[in-house]
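What follows is one chain in structure tokens, specifically the form predicted on its own.
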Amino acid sequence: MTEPERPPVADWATDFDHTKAAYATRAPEIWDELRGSCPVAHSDRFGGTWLPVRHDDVSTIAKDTDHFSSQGVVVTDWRPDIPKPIGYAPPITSDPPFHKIARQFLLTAFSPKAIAELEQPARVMCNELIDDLLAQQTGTVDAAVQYAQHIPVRVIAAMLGVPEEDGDLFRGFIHRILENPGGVEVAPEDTMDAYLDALIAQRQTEPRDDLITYLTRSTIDGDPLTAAHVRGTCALLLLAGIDTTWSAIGASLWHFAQHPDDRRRWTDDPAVRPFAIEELLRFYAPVTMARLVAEPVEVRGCPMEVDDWVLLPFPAANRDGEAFERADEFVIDRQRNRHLAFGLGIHRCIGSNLARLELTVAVEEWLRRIPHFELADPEQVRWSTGQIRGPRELPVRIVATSDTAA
């Protein structure tokens, strides 16, 4: 299993590479630089890729399903071979009119009522994780590895009906598909497709009360969903449902580790917490989506050709000073906050209710149990590469727990 070395970036405006560690580490600074000089960057990498960084451009492209297709949402050296409008991971890779049909299957599972039932189990889970890391009595723990990454794994595993013990497998899929697309070769039997195909086949003969079984029994105009449709939707939930929330939780704890005033405000003023969650989502939005140019189009004078990739960095849009006051500041009680953390248009994240719940519970329980903590070594924090941005390693020093704090 090898990972090829991509050449170093010569210029972020003309040769950017979002899979580089340098991009992951200082992405907000790069977006600021580009907004001031080249708001639509271009790179020949991956067969031609564009990177708009202004809120207006990102919003316009996200809503334009005529010129921009969702057939491919993860930038790679190749182009998807599964035809429109279904795509390989419906509904996120589906174009109209099929997108609406594919999305409909998931609405009930991700409704506010269904997600509200997960709150108490999520709190129990978070406290079990905190119990485990406090029991080590080391003083220094990894808030990403030992806490953040486990929460969405357990929640999504329960919804899909897959073993939570397979968490390491899921994280491997995430690295190969999202963090370093095309950079790792694995045997066919070790792919996510093979993993899911085995589970789907099992559910067809041994049904359970889970999402995989539900999808295998669903129909369109009386016909069962194809195996590829079921596999693609399960893959979407497994990848997007884990990596995005894991990253958001980790980035939030990274913030609070460095801002004791915000920690105190959170603890002393519970009314501020809903605003704080939205500001965490704005300031540390993890997701950059992608589109493929479907029809020739021009954006800010840049001619985009069919099959060019276009990255949609929602985090960059959230830090555009033309869209937000004090955009480059974290304002814990920000009142007007129409952020794009969950995207917009027909592909706005169907899992937003779940993501908010997991983020809220994870932060609440951590700060309740560990009100005083700090970065153990800022240089040891490692951010993920690719289209999902969040801390993968986050060593923090526990200063005081709720049992020891004065």
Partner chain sequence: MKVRFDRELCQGHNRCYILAPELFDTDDEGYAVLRVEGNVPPDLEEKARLAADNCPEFAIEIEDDATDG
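Positions refer to the first chain, counted from 1. From a predicted model like this one, the values you see are computed outputs, not experimental measurements.
The following text describes the form predicted together with the partner chain, which does not appear among the structures shown.
Considering the partner chain in the predicted complex, the lone stretch of 340-348, 43-51, 22-30, 64-72 in range is 340-348 [heavy atom distance within 4.5 Å]. Note on the partner interface in the predicted complex: the residue among Arg208, Lys113, Arg264, Arg326 having a heavy atom within 4.5 angstroms of the partner chain is Lys113. Checking Thr138, Thr219, Gln120, Gln104 for any heavy atom within 4.5 Å of the partner chain in the predicted complex turns up a single hit: Gln104. Each of Gln335, Asn353 and Arg356 places at least one heavy atom within 4.5 Å of the partner chain in the predicted complex. In the predicted complex, the partner chain stays beyond 4.5 Å of every heavy atom belonging to Gln258.
Shown alone here, Thr226 lies farther than 4.5 Å from the partner chain in the predicted complex, counting heavy atoms only. Proximity of Phe330 to the partner chain in the predicted complex falls outside the 4.5 Å heavy atom cutoff.
The closest heavy atom approach of Tyr214 to the partner chain in the predicted complex falls outside 4.5 Å.
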